[in-house]
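Next up: a single chain in structure tokens, the form predicted on its own.
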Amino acid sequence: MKFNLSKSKLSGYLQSILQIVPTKSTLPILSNILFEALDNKLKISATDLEVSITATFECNVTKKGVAVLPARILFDIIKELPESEITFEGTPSRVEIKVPHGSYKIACASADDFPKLPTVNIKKQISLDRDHLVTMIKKSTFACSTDETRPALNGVLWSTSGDRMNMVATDGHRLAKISVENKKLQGIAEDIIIPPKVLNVIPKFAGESDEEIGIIFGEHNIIFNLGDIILTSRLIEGPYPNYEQVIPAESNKKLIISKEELAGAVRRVSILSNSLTHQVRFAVKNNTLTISTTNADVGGEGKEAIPCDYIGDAIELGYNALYVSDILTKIEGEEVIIELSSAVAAGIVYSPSIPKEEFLCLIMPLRLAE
């Protein structure tokens, strides 16, 4: 194998590939990157067995071949090099990296031990608007659960039936649902549950271009074609809980408040909240929202009052401040609407500028400590 390319080009692609390489694994081979030198192209791949990534780009290849190199060591070497042309030359067992003023030799792992990557049939792909997909990802994945005992909630539900497609994520304490117009995927696939790991790297690769993203629905996996980057992920087996049941049909209390003022007050007051529950108290009365917390462990109390527009009877609720802050970062515009019905029911949070049918978040209240 022998090829050469610029340091900046290789470093950029390695940085992308590293996002999939696991930091810890019981399989040492997964900490490596597969290099395949082809006709005037270099193909580099990594996998953690759940998500796989392959980058294919033009490269000056003198001799075709394959090598499996340690990802972190290789990246650290390339990152520290000055901008120059780099040459890779070697065999499947050992590679020499030649730079203008020196060289580095690295032993390779066995290519036979590297997991077989899924085959990609581009003919089966459906193209989807890049902005739509990225927006849906950014506004949903934050609400996924990390509780391994409920695997379905560890992913994002993607529903593609009907005139609109939805992405929904929930951990049982909060929920995010975003809906966009669906012209291409109607009836193409059943509802699927996608791990957030693969979704969260798509915006980093999508960039600012207007090109569409190719999507291939497999029986047990999903493939995203971003041009020179191919991402493959296994799907999570369902069923997904009936989330519609927890979205309140009616709310008799409505709060409209400055998003910036609310976010700032929640952040400040929560500094004194319990380190485990992060509970803050919301008390709404007479067009004023009072946010407070008491923490006996540190002998601290915090309270702030914010003016708001409020319709309904006075109410007090407890919320996890971290969940409130997460949701507010996803709401667009200067104001936020919170619809409430009781101290034990989910609150609906959305933007006045975007109909809640298109994007809403739910947050479950905490039981208030007396």
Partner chain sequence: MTPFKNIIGQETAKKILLRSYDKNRLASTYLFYGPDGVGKWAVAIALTALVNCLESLKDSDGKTTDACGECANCRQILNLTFGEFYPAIPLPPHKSDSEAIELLNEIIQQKKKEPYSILSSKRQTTISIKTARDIKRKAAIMAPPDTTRVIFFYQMEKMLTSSADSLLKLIEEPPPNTIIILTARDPDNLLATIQSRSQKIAFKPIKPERIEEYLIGRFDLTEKQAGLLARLSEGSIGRAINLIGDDESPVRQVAFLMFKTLIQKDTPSAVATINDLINPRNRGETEQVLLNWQSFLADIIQIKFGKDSKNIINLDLFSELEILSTKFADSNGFSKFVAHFDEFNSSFRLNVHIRPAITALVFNLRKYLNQSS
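Take the two forms, find the largest set of C-alpha atoms that superpose within 1.5 Å, and that set is the rigid core. Numbering follows the first chain given and starts at 1. Note that the structure is a prediction, hence the values are computed from the model and not measured.
Separately, the form predicted in complex with the partner chain exists; it is not shown, and the next lines address it.
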{"item": "Proximity to the partner chain in the predicted complex, single hit among Leu235, Val99, Ile126, Ile77 (heavy atom within 4.5 Å)", "value": "Leu235"}
{"item": "Interface residue in the predicted complex among Asn154, Ser292, Thr277, Asn182, criterion: non-hydrogen atom within 4.5 angstroms of the partner chain", "value": "Asn154"}
{"item": "Candidate stretches 174-182, 255-263, 217-225, 126-134, one within 4.5 Å of the partner chain in the predicted complex by heavy atom", "value": "217-225"}
{"item": "The partner chain contact in the predicted complex: Leu27, any heavy atom under 4.5 Å", "value": "yes"}
{"item": "Distance check, Glu148 to the partner chain in the predicted complex, heavy atom within 4.5 Å", "value": "yes"}
{"item": "Residue contact check: Ala305 to the partner chain in the predicted complex, 4.5 Å heavy atom", "value": "no"}
{"item": "The partner chain contact in the predicted complex: Phe114, any heavy atom under 4.5 Å", "value": "yes"}
{"item": "Residues within stretch 30-63 having a non-hydrogen atom within 4.5 Å of the partner chain in the predicted complex", "value": "Leu49, Glu50"}
{"item": "Core superposition between this form and the one not shown, C-alpha change of Ile236 at least 2 Å", "value": "no"}
{"item": "Ala109: Cα shift of 2 Å or greater between this form and the one not shown (core-aligned)", "value": "yes"}
